[in-house]
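Presented below, as structure tokens, is a lone chain in the form predicted on its own.
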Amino acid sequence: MAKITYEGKTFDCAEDKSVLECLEGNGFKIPSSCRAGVCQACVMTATSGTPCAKSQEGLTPNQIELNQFMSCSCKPTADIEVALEEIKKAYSCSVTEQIMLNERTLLLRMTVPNAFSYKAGQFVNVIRKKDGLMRSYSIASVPEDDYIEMHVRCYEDGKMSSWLKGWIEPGCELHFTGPFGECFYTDDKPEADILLAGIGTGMAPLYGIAKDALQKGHTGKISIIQGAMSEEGLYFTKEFAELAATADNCEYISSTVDGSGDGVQEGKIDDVVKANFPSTAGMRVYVCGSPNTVGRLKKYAFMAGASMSDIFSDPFTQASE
């Protein structure tokens, strides 16, 4: 049984437990969100010992060089000593706008902190400073905007989303770390066709990516596909349509499983993507939403011809509490 040392105390870690679970089980509050090795909210540093390779998947070479790892996906097989970066390194901003886009989607706009830079489509980890609660949200704005925009999926029992919806208003201060993620536009293949497909608030990063590509003069065709169970699940449809109308090489397709809504295509987003794109060869593909949907769309994009190096994803996993 491996031992974990943290803040001068050592604990036994069961084989089926992660570093995060072990420390939480011993009374420590460790920032975390997705608990699926995606959001990087729970990143820690191994000051002694070696974290497993799985816990470093998705981290940058610099992070790996510093022996950082995601504590939620690290199940140590040998003794390890760990440390946590301090929350004081978070950025501070002011909320300027708060709007409900539909029954379950909250738009937040915030000021851009000094020295903060990002790429459209990346995400940040919002921190509730009073208790260290942390959740990940993608950025829907582009660096040229004078604000940062996020779209928050609201859950009835969601600790962070309920707080953002019920207690945060214009003028309030928010804190976040980041940016994180590699799901963003690059202009090295301006002639390549782009497919952006997503569901839920997975559309937030896709909006930013499409806007960024158009602003940078992308010449290939840009296709945006939004899926939902019904018309009520769609949001930002006017904004996507207006964005597509700004360029001849951009199109927006909305779809619902039950066929409800004006001008939508009927069917699951998987089927809509397959019907519109029987081949993805030579394309750049961006897929965002729930892990299951992202997994299926990534597999299809690859099987239909896209190179794995040209498929970018941002799966959204609901926090466990």
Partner chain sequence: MSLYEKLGGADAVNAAVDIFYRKVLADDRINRFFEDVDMERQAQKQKAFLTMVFGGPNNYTGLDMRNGHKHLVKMGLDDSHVDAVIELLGATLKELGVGDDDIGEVAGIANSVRDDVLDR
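Predicted, not measured: the structure shown is a model, and the values here were computed from it. Residue numbers count along the first chain shown, from 1.
Below: the form predicted together with its partner chain, not depicted.
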{"item": "Its partner chain contact at residue 313 in the model of the complex, heavy atom, 4.5 Å", "value": "yes"}
{"item": "Proximity of residue 267 to its partner chain in the model of the complex, heavy atoms at 4.5 Å", "value": "no"}
{"item": "Heavy atom of residue 39 within 4.5 Å of its partner chain in the model of the complex", "value": "yes"}
{"item": "Distance check, residue 58 to its partner chain in the model of the complex, heavy atom within 4.5 Å", "value": "yes"}
{"item": "Segment assignment from 255-263, 270-278, 44-52, 291-299: heavy atom within 4.5 Å of its partner chain in the model of the complex", "value": "291-299"}
{"item": "Residues of stretch 285-312 in contact with its partner chain in the model of the complex (4.5 Å, non-hydrogen atom)", "value": "298, 299, 302, 303, 305, 306, 307, 308, 311"}
